[in-house]
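Below you'll find only one chain, the form predicted on its own, shown as structure tokens.
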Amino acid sequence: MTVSVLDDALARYWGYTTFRPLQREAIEAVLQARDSLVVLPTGGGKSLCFQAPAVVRPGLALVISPLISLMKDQVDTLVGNGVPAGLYNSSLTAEEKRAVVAGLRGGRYRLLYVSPERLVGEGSEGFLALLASCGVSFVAVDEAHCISQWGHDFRPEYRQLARLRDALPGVSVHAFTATATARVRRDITAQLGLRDPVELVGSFDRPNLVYRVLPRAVLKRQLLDILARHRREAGIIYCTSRREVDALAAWLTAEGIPALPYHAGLGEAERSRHQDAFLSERVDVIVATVAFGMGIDRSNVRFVVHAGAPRSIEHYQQESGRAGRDGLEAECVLIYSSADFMKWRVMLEGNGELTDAARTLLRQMEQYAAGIGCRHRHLAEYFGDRHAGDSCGACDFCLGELETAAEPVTLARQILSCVARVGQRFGAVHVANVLRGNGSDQVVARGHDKLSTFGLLPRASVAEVRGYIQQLIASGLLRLTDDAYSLVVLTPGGLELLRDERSCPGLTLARQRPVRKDAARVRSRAETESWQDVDRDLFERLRVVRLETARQRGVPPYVIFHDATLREMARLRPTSLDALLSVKGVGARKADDLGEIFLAAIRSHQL
């Protein structure tokens, strides 16, 4: 197949003139019918790697996807681009299923999305026989990390997909995921039975995302500060419990920030309504458990907040990566406390899931949360990726929002000494009160106001001292007990540092710098570059046009155009169809269908 055929399809259906890194190589593996494993970060364009070859190669592309919402998002977008695609899952009525089957037999689809349960569950033999008769050209397994017990969304059904080799002999299999360590990649290859696969692993770094970590203090105040930076923008707030989801969503709404809850405890119809409200831009904020988000493709998710630490860096990478999928700037904030990790251990142990692997993943997440250094570098190197450059310019550390302690060893020994002198029988708040010289009733009743460590850190806030304690826990110098009320106790490493100040070289401690309310916000490089030469008033006008058009057509706004495309329009300000086709994200089909609507808005704005 000539390169021009693929390039023509890219321009016609997706409006792009160039491929992102590794996309062409991944597409070539599909076109050559050679098994492959492709790992591209969220927003890296992995879906195009199996959608484009489905358009230019004869036959039916079978796409296995874990969530109905994910299938619907992708099929809606494909159909909007002029690509014949369908889905077959439990959400369809009997009549709709018959229509899809008729379409398969009539060769009307280039892509068919199905769930793994449909292929390996009870009664799947007849469906597999139907597919075998439809000329399946290749199989794409999306979100392939679900196949691995070391992955963050393990799905037992995925481990049975190797049976497709028998049902569809000679058909190549291609695994795609956004998040996979080397161990997970090996597991995917083995479980899917991939044959000498082409392995393509892109950079895990997302330079458009700004990563921040905040020790949990007054959560509601911290959330309001974050939301104030993102007025009229979309975001997701993740919580670890359903109760907290419901409470925060109700509180935000009462505060004048409409928000909807999403978790597995809600009825299916209510979850669907809330998700549709978010995707159709009737509401900007969703408060959710991890049940929400896989494949969510809203056009302008500009922030993701974790109001509590997730159980692994894989989970965090996947969930925070739902921001900025359009390549534009977005903010990812982790608000955590050491108690989060204790809760996870208790929960996993109660479910019989606290394996050595789970313990390791929790420990690695804790090290990220309390670590001092470039967040982008930490995440990239965790996934085996090298991070170039000294400063990412897009995290709290590199933006100068953290202030490192001038004498971290002295500070650490003061805190460790206080823990020892209160008998290792109290929690972090009590230790912080003693160090700050706060003569609370409990401190005075215990006589701890007479200790030599009382008032050693008089100018530090409770949040600051607790942050230091959490960093010492992550460094292995302190630990929390497994009691219902967790106590802070010394580890052997902490005892050694008390005995010998030279025993812990390289120790770093830091605090959040105080933020002046009237100070101009420091902008990341990605944000500065993405707005360069953009007419912001025109951009907002185009957003209104997009929303109106989407509602008239009954589709989510992202099916019309993404924010990145609208910003490019507001930068280039095209006034003809030919000029519009030069805008990234505007293909021939969309130019014919939507061009005059958006050109009219641009022309009227320039009058």
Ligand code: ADP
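In this text the structure is predicted, and so the values were computed from the model without any measurement. When you see a residue number, it is the position in the sequence shown, counting from 1.
Heads up, the form predicted in complex with adenosine-5'-diphosphate (ADP) isn't pictured, but that's what we're talking about next.
When adenosine-5'-diphosphate (ADP) is considered in the predicted bound form, K46 lines it closely, a heavy atom lying within 4.5 Å. In the predicted bound form, adenosine-5'-diphosphate (ADP) sits within 4.5 Å of a heavy atom of T42.
Remark: K584 counts among the residues lining adenosine-5'-diphosphate (ADP) in the predicted bound form, judged by a heavy atom distance of 4.5 Å or less. For H562, a non-hydrogen atom is located within 4.5 Å of adenosine-5'-diphosphate (ADP) in the predicted bound form, even though that partner is not displayed. In short, of 535-543, 572-580, 46-54, 548-556 it is 46-54 that has heavy atoms within 4.5 Å of adenosine-5'-diphosphate (ADP) in the predicted bound form. In terms of contact with adenosine-5'-diphosphate (ADP) in the predicted bound form, the residue from H174, R325, H376, H145 that brings a heavy atom within 4.5 Å is R325. Of all the residues from 399-423, none has a non-hydrogen atom no more than 4.5 Å from adenosine-5'-diphosphate (ADP) in the predicted bound form.
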